[in-house]
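Next up is one chain by itself, shown in structure tokens, the form predicted alone.
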């Protein structure tokens, strides 16, 4: 009997030792993990609480379709994550209006919640730029599905990552498509004066010129206005064959709807990924026929088919209808969830501990993650994109892939 007691005691100690040394996410640790004893070093998720993933997005206003689509897609990733050691994930999507001021305000709100462990965003580049240092100070990693300004990953931030192509790539491909495929030699360029739109327009200008084309005008419009006819009439006097626009749907639809009356009838409108979606079609109607835009529609796969079906079932409309980011939005949340599960420590005290510094490093080290948009691998500055741009044209009131 005494020998049996010793055996049971030894077995118990061995089990406790194994639990304490168990790899992250594979078993319980005892009490507060060593890496979590310093204040603020870990997110502590208590029983009954959710593991929160934050998001800053335009949820109201003219660009609300982006926030609606991206948050909906990310929620499917949260649903797919299921239960993890008795805990569930939750997406907290806050309205940042797509502005720098809104981005900072939402970031300050999210970091004040100790159960927010990662950010699937932000969505617009200007909002992302202002939010980035706030998350960096709080050791909260980001994975944006849509912030494409090239300089975002050149700030040296350890927390910012993205799974979307950059404007440098998009602008290069757009300029080459205009010049080589559409045979455009005289191009007008308009942008909205914001980080995303102006930056993209500048790339197109540089590449198009280097190819041998002529940029006949390079103009900015003021976001939020309802009449750009004066600018467009001036552009018409330069007789361009096409007009490239860097910006978002709200200004893009005003331009398209006023081109004909401003003397630009028959001139091709070529937008970016910020003008793709059903909202553009609804607000331009017949004026939008023949317009071009950019999307991130991924290649066919079983995973994409399952996601597309889930999106349609949950929201009653197809993925990609509201914005081109449905699939990268799912990927941004899904890859964060995967890494959180990898680094999380489930304790005998019932809490889930998520070391913040380890999580930041693990997100930057993502390699060969199979997402909807392709295989996601992050480089040393946080570029994790798995796919390039796809050009689309409006035909019979619908977006269809443009001839290659």
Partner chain sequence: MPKPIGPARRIKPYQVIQAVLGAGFAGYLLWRLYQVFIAAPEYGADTWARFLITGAILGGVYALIAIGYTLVYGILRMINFAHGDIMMLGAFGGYFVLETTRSIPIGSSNFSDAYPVWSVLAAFLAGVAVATVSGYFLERIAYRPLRGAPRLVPLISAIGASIFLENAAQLLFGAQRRDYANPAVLTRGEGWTLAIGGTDVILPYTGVLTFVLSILLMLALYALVMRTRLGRSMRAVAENKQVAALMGIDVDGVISRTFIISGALAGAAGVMWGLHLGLVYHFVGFIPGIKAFTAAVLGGIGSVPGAMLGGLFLGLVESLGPAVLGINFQLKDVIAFGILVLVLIFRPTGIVGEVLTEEKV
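Please read all numbers here as calculations on a predicted model, not as lab measurements. Residue numbers count along the first chain shown, from 1.
FYI, the form predicted together with the partner chain isn't displayed, but the following is about it.
Between the options 150, 263, 290, 133, which residue brings a heavy atom to within 4.5 Å of the partner chain in the model of the complex?
Checking each option against the partner chain in the model of the complex, the one that comes within 4.5 Å is 263.
Between the options 230, 300, 309, 112, which residue brings a heavy atom to within 4.5 Å of the partner chain in the model of the complex?
The residue from 230, 300, 309, 112 that makes the contact is 230.
Does the 4.5 Å heavy atom contact test between residue 206 and the partner chain in the model of the complex come out positive?
Outside the cut-off, so no.
Is there any non-hydrogen atom of residue 76 lying within 4.5 Å of the partner chain in the model of the complex?
Residue 76 lies outside the contact set for the partner chain.
Just checking whether residue 83 would be counted as a contact of the partner chain in the model of the complex - the rule being heavy atoms within 4.5 angstroms.
No, no contact at 4.5 Å.
Taking any heavy atom pair closer than or equal to 4.5 Å as contact, tell me whether residue 219 reaches the partner chain in the model of the complex.
It does: once the partner chain is placed as it appears in the model of the complex, residue 219 has a heavy atom within 4.5 Å of it.
Counting any heavy atom within 4.5 Å as contact, can you tell me which stretch out of 292-300, 101-109, 115-123, 236-244 lines the partner chain in the model of the complex?
Partner-contacting stretch among the options: 236-244.
Need the contact residues for 283-316: heavy atom within 4.5 Å of the partner chain in the model of the complex, sequence order, or none if there are none.
Sequence-ordered list has one entry, 283.
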